[in-house]
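In structure tokens, one chain follows: the form predicted alone.
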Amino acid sequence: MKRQEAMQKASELLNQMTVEEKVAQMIQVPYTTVSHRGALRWAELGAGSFLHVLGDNARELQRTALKTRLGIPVIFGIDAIHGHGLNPHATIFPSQLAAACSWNPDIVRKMGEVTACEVATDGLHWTFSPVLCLGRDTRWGRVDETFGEDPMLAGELGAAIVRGYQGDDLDDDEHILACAKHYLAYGEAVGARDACDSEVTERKIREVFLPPFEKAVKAGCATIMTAYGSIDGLPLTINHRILHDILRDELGFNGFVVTDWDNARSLVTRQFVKETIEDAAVAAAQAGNDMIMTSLEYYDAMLNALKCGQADISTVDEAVLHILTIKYEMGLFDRPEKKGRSGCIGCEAHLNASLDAARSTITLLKNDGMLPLSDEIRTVAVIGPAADDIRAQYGDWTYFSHPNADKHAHPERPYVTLKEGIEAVGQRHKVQVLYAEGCSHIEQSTDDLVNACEIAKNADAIIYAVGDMIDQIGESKDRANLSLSGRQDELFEALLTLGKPICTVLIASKPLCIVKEAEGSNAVICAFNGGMFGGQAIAEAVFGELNPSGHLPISFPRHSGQVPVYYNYLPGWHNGNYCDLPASPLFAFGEGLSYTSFELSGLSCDSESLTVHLHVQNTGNRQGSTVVQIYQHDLVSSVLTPVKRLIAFERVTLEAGSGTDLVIPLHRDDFALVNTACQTVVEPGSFDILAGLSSKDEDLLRTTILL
């Protein structure tokens, strides 16, 4: 249904509703924390949404809702973060961070389309994705859920997955609602401590954290989720300027806003800015929250506040109008249950999409010629705690790794761990595969470094898989120490004494401090959380069936004390180094190697048309893909501006020995800054245009334009 018609129908329905029915629409009920009978009572009251309910239970709740006086359908929400992960038969994709290594909006959009189709086939309507926070402090537990550290890249990929989830029309049976989260600056909390205060100014918000959400709004994102934390001591839940003035009045957002888990009650119990739940309820609604996730006390509190004159019904009316408009746009009053596509959950086409995504994420960070493995390698030892741990490979937000899930649930096939991938692909190459875990992610009495080394002695090459585990990943799992945990470093040092070529593979939720492995290994592959077929994709790269083409969306620190170490820092640091560490990251934003080589030349930029011209040549002996990255630097500005800032990128695939001329259009807004009055302006002056295959200075060509 078109927007204007949906708003008209929503307004007409709103005029028929009682106060109780209106307030009930603002409530989202957490199915996992109430009994089924309790959920039915909420459906009878007319609750607007339910969270984490599947199958026949959801259908019964919907039937109950449709039998109420006005028959307003329920929206069912689910944490489908990288696939419809709470369904054990669904397709599991790489994490957002892993997918961001593709620098490919088409891959990310396809992830959204497949996920939406599978969620819709379960009869559900809404996913709480994408995360548009930035992973600028890698101690934060939720870095894996981000698209990395850069606002431009996160915005492009975020907009792509929103379009994948929602399609061209919200009432399409194979698409669902997206929810951009967590609004705003959630990942910038002090000390990377989840849900703490983010000590940022409005100018910094507009410069760094708002742009990805602006792109999501322009892509039509139907819902926005409020962040847990606070900015300058004011909880986002009650920040009217952020939630209303900026989001609605400036960005033009016209969907509905939902709080994060229990945010309303937390104003009283965790953040201590409100004395009573009634105070919290009124403040949350007045600030611009339309739907209240899981704070069930809100219902009675808001009714009491309305009765005693503490709140005005117009505040409730505005919120409910936003919710009902989306329900009409989705066509829920005609078709309350999404139909999806019969048989699509975990179907072959969707599994192939997951494999394609995994292949696109493989990022080669070092290679002295070890990879791809030569025909002389007849025996490979696969060693390490991440080699055969599907939970580590999947990451969080799945049916056995969700905060509300059974952590001991049995993983369902199909999936391919790294060990299994090396065995399967190795068989095609007539290579024998040996295996030993050696140690766990956390030191245990079962660790057996000696046996692992004995096994590795019999191999021609070693694939060493390191990383983190599910207990170290996700919400409330912030880390102070980013070094490899347990005895992983110790095992590497022992393997190094064998004198065998070693390829280290990182299967992890975030960049970890792998200095020893980076310096001592012959090759390094970053795979992050690759989903169902991450192990197969890595194996294909190891044996040369896949030419790696990923580029890092995030920088790797050398040491925990070096973070944050993002590429687009502000200038002015005296000496530009720590006294005990270089300023540069271990691996930089944008880095990524290939089994071929590329050369850029002929960079120019026309100041009038703002068009970049340059030539890309494949100078190697096989086909390959790379990502050409365009950065700008404002040479003199009224406020500090980053030493470089990504403004465009383009993926290029070339045959061996071939080249192409690129023409990349830029926009005047690419050169804007946010001044001290929080105005976005383009100041006249000189700008450097930089082009390269990573953000490292030594990898960049440079030209200057005058605006």
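Heads up: residue numbers just count along the shown sequence, starting at 1. Keep in mind that this is a model prediction, so the values were computed, not measured.
Keep in mind that the form predicted in complex with beta-D-glucopyranose (BGC) is missing from the display, and what follows is about it.
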| query | finding |
| --- | --- |
| Distance check, Phe128 to beta-D-glucopyranose (BGC) in the predicted bound form, heavy atom within 4.5 Å | yes |
| Contact flag, Arg265 vs beta-D-glucopyranose (BGC) in the predicted bound form, heavy atom cut 4.5 Å | no |
| beta-D-glucopyranose (BGC) contact in the predicted bound form: Phe543, any heavy atom under 4.5 Å | no |
| Distance check, His182 to beta-D-glucopyranose (BGC) in the predicted bound form, heavy atom within 4.5 Å | yes |
| Listed residue that, although beta-D-glucopyranose (BGC) is not shown, lies within 4.5 Å of it in the predicted bound form (heavy atoms), from Met293, Val616, Ile326, Ala120 | Met293 |
| In the predicted bound form, the residue from Asp79, Asp460, Asp448, Glu318 that sits within 4.5 Å of beta-D-glucopyranose (BGC) by heavy atoms | Asp79 |
| In the predicted bound form, segment of 222-230, 334-342, 626-634, 427-435 with a heavy atom within 4.5 Å of beta-D-glucopyranose (BGC) | 222-230 |
| Residues of 252-273 having any heavy atom within 4.5 Å of beta-D-glucopyranose (BGC) in the predicted bound form, listed in sequence order | Asp260, Trp261 |
